[in-house]
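Below, in structure tokens: the form predicted alone, a single chain.
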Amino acid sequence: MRYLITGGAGFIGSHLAEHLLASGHEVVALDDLSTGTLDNLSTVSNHGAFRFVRGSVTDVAAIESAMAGVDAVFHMAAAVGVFTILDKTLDSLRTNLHGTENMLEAARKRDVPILVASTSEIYGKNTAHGLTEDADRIIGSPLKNRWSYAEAKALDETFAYLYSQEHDLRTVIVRPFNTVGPRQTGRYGMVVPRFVTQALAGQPITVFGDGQQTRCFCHVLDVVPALVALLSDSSAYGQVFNLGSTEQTTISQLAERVISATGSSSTIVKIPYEEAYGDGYEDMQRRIPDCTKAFDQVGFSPRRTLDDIIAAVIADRRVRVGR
């Protein structure tokens, strides 16, 4: 098959491209390189079954070029990262809303299935232990930029659902929970690569807030096969699935584990949210997924632990910074 991956030069998209090509498929990657990089595609750029199209999901002409002969679509492109959302809120909204609508319409015209990557952010401030796909959303004020990403992604899901209901488009929605691994950068706020980079440089590890926020991190190589399995499963169409680990850690504990794994002399420094992000920032104290539905559907069950994830990110960052 020939797959289109929007955001194909990004962290998850590039791993997905490698996986599909290794399985004997053709891949077209569409990316505007705003956060993705061609370096992420270095292992596949010369592959005979790979094609790269530079362009945005907000550009209909670029989409038309990328969609030629495509059998299915992974829509992974989005404005991502806390710093990106806060610094370029309006541009991020346009990309995440209009880009998804453009991709759904392109898939409808060609009658090809499409997987839409959403986010665990849509649950907002819901701190329930084991968030299921039908859990309530608890979102802060729409006047706080912090919540614009969650709002946009929720509307993306609604678009996908309505295209499924009203146009019989074969859609699958996934909500990744803190997917981490090689190639992810801390530049846009992702916490594990940020901590690892600081530790390798012997710099203070900056924990935002009190450090007691609880998160679960999942290795990208556990997530990617599930994406492929869900889009390939016709009984998954019209549904939404959580994808993540249930191994919990606080952010302070994460910092301590990174220091131990790197053998760093770094200390931990806690920075108030207002200093890190500006006035009015809100965070979630706990975000733990229930992935039973994905397990029942395609057998999704992460094999890699948080220690495995930290080790993989350390190895990747050491290569990239020459340490």
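Everything numeric in this text was worked out from a predicted model, so none of it was measured. Sequential numbering from 1, following the sequence displayed.
Same protein, other form: the form predicted in complex with a small molecule, not shown, and the subject of what follows.
With a 4.5 Å cutoff on heavy atoms, I12 counts as touching the small molecule in the model of the complex.
S118 belongs to the set of residues with a heavy atom inside 4.5 Å of the small molecule in the model of the complex. Proximity of M76 to the small molecule in the model of the complex: non-hydrogen atoms within 4.5 Å are present. Put simply, T35 is close to the small molecule in the model of the complex: some heavy atom of it is within 4.5 Å. Looking at 259-267, 66-74, 291-299, 53-61, the stretch with residues near the small molecule in the model of the complex, meaning non-hydrogen atoms within 4.5 angstroms, turns out to be 53-61. The partner is absent here; in the model of the complex, the one residue of N102, S164, T95, T197 having a heavy atom within 4.5 Å of the small molecule is T95.
Residue-level contacts in the model of the complex: of P182, P176, P113, G124, one residue has a heavy atom within 4.5 Å of the small molecule, and it is P176. In the model of the complex, every residue of the candidate spot (G7, L30 and K153) has a heavy atom lying within 4.5 Å of the small molecule.
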